[in-house]
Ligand SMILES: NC(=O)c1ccc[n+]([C@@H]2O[C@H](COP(=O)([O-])OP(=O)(O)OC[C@H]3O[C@@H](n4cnc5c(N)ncnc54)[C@H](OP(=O)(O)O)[C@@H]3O)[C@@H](O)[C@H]2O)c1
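Here you get one chain, nothing else, as structure tokens; it is the form predicted alone.
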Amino acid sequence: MQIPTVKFKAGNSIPLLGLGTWQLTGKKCIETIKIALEIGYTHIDTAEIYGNQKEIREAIKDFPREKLFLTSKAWIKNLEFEKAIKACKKALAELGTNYLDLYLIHWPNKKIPIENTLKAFAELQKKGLARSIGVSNFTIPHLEEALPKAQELGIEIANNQCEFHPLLYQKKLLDYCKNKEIIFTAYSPLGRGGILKNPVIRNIAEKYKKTPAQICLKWVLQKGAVAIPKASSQLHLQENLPVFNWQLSGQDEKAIDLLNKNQRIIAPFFAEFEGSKGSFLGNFYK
């Protein structure tokens, strides 16, 4: 099947459903991505810190590059101008490609002026090394600081990738991004599996004869976001695909809205979320 796409305000188009690859490494990463490509995925999301870009290169080497959408991200310690340029070039080398479809600032870093990073990203875009650029884990205050700086440089922040699922319905952030014509991408759209046993989700799934995962992904898509669930088995990869050509009713969508608990799963010690506390992921990110 061909996954529908949405067009960035200025630039290329991004598939509405992609494959998140955080914690996918080694042979499992290669095998998973090869299966994903065979069954219809073309949007692969990775990052410098994931440590799997060389494996992804192996998995995609025989797939037509022009049919792929590759996203990578600059790590929090590599946001100064020269370091950001170097990080992108390293990602390109590891992935075996001449360009990224999307390059993101992985996390905001208040210790490094945002204009330093955006100048680097503008240079990368000018040279064709990154077709579109954006951010990840940015709140509204972060975006309010970054957007004028990007405008001064003549570039568009095309994307904001954030944790988003029924237990963390970031409606204000989503609406802000829509208003600014920034495509919103939801990572961990299944709440790392924690939402799938929720009775409301399960009842709605039974009603539509769908799986709980399909219901959660459909909810994300109906909110106007791109979804990049992680999956490591062929069963789950295939299960996540048939989320188009049907709709949740307004009533059922609202019922899922009401599950929101502002419950973050991804909140490492350096996160700049208001009231953020360290999480079990803190050690991974050191």
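Throughout, we count residues from 1 along the sequence that is shown. Treat the numbers as computed from the prediction; the structure is a model and nothing was measured.
The discussion below concerns the form predicted in complex with this ligand, not included here.
At the 4.5 Å threshold, heavy atoms of Cys177 stay clear of this ligand in the model of the complex, well away from it. Taking the partner from the other structure, this ligand in the model of the complex has no heavy atom within 4.5 Å of any heavy atom of Lys207. Residue contact check for Arg57: none of its heavy atoms lie within 4.5 Å of this ligand in the model of the complex. Taking non-hydrogen atoms only, Thr117 never approaches this ligand to within 4.5 angstroms in the model of the complex. When this ligand is considered in the model of the complex, only one residue from Leu92, Ala213, Ala122, Ile112 comes within 4.5 Å through any heavy atom, namely Ala213. Put simply, of Arg192, Lys86, Arg202, Lys149 only one has a heavy atom within 4.5 Å of this ligand in the model of the complex, and it is Arg192. You can rule out all but one of 218 to 226, 250 to 258, 234 to 242, 61 to 69: in the model of the complex, only 234 to 242 has residues with a heavy atom within 4.5 Å of this ligand.
With contact defined as any non-hydrogen atom lying within 4.5 angstroms of this ligand in the model of the complex, the contacting residues in 74 to 108 are His106, Trp107, given in sequence order.
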